[in-house]
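Shown below, as structure tokens, is a lone chain in the form predicted on its own; questions about how it binds or moves come after it.
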């Protein structure tokens, strides 16, 4: 079957009409993966997935990974990760507040970064809570050739402490989270040869550069990537589901009140390519 698709912006985003009954159909799954590669962000308006249906959609697209379970002390994390500031939630508020800043998922845990993230809106905030996406694939492609050459081989160390440094000092985290970090190439190369930038709030330092020089480079690339031509803001409706290519897109949420009740359910596809 052929899915009904509306392109949202040339560089990023497409709206897809998917009938829940088609989840698990191999032809539909392959078409969705091709659309994800082409558009980076796929929006499924008001599809209203239950948790089992979201898990089934995730599994139909590839191997599932529970990145929350890779965080020290969270080995028993649920298969569907609840992103919320609600009191009593299993997720630490520092992690949720960190989503207010441009980032990619899973860059500090001991598995390859997820191939894609699946996020469903269960309850919305009265104000704020929209999610913005920025294509690091389109941003890289638009760089001048000489700058692309300069970035080849550059590597960046990503940490949890960097991801919360705007609002939480290192001593505000426990020892395990302060120790979490992983090195990644600044330019991510896929098996098909396409490339994207691996940047965002977790980027702590550039290997082999002074802190000032490295942070300035990362800041310039972030500003370049976040320009309007490469970005899309999704204004959620209850029941929406969005899937994005995690190593091709930064994302961040527009801040919302801690007592808003906002609740999002997240699953992820395992990374399939080397970080080398």
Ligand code: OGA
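Positions refer to the first chain, counted from 1. Fair warning: this is a prediction, and the values are worked out from it, not measured in the lab.
Just so you know, the form predicted together with N-oxalylglycine exists too; it's not on screen, but the next bit is about it.
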> If you check in the model of the complex, do 108, 205 and 215 all have a non-hydrogen atom within 4.5 Å of N-oxalylglycine?
Replying inline: no
>> Between 80, 85, 119, 180, only one gets a heavy atom within 4.5 angstroms of N-oxalylglycine in the model of the complex; which residue is that?
In response: 119
> Exactly one of 103, 184, 115, 137 has a non-hydrogen atom within 4.5 Å of N-oxalylglycine in the model of the complex; which residue is it?
Replying inline: 103
> In terms of non-hydrogen atoms within 4.5 angstroms, which of the given stretches 138-146, 197-205, 91-99, 165-173 touches N-oxalylglycine in the model of the complex?
Replying inline: 91-99
>> Please determine whether residue 131 contacts N-oxalylglycine in the model of the complex, using a 4.5 Å cut-off between heavy atoms.
In response: yes
>> Please determine whether residue 18 contacts N-oxalylglycine in the model of the complex, using a 4.5 Å cut-off between heavy atoms.
In response: no
>> My question is simply whether residue 266 lines the interface with N-oxalylglycine in the model of the complex - judged by any non-hydrogen atom within 4.5 Å.
In response: yes
> Going by a heavy atom distance of 4.5 Å, is residue 23 a contact of N-oxalylglycine in the model of the complex?
Replying inline: no
> Is any part of 244-265 within 4.5 angstroms of N-oxalylglycine in the model of the complex by a non-hydrogen atom, and which residues would that be?
Replying inline: 251, 253, 262, 264
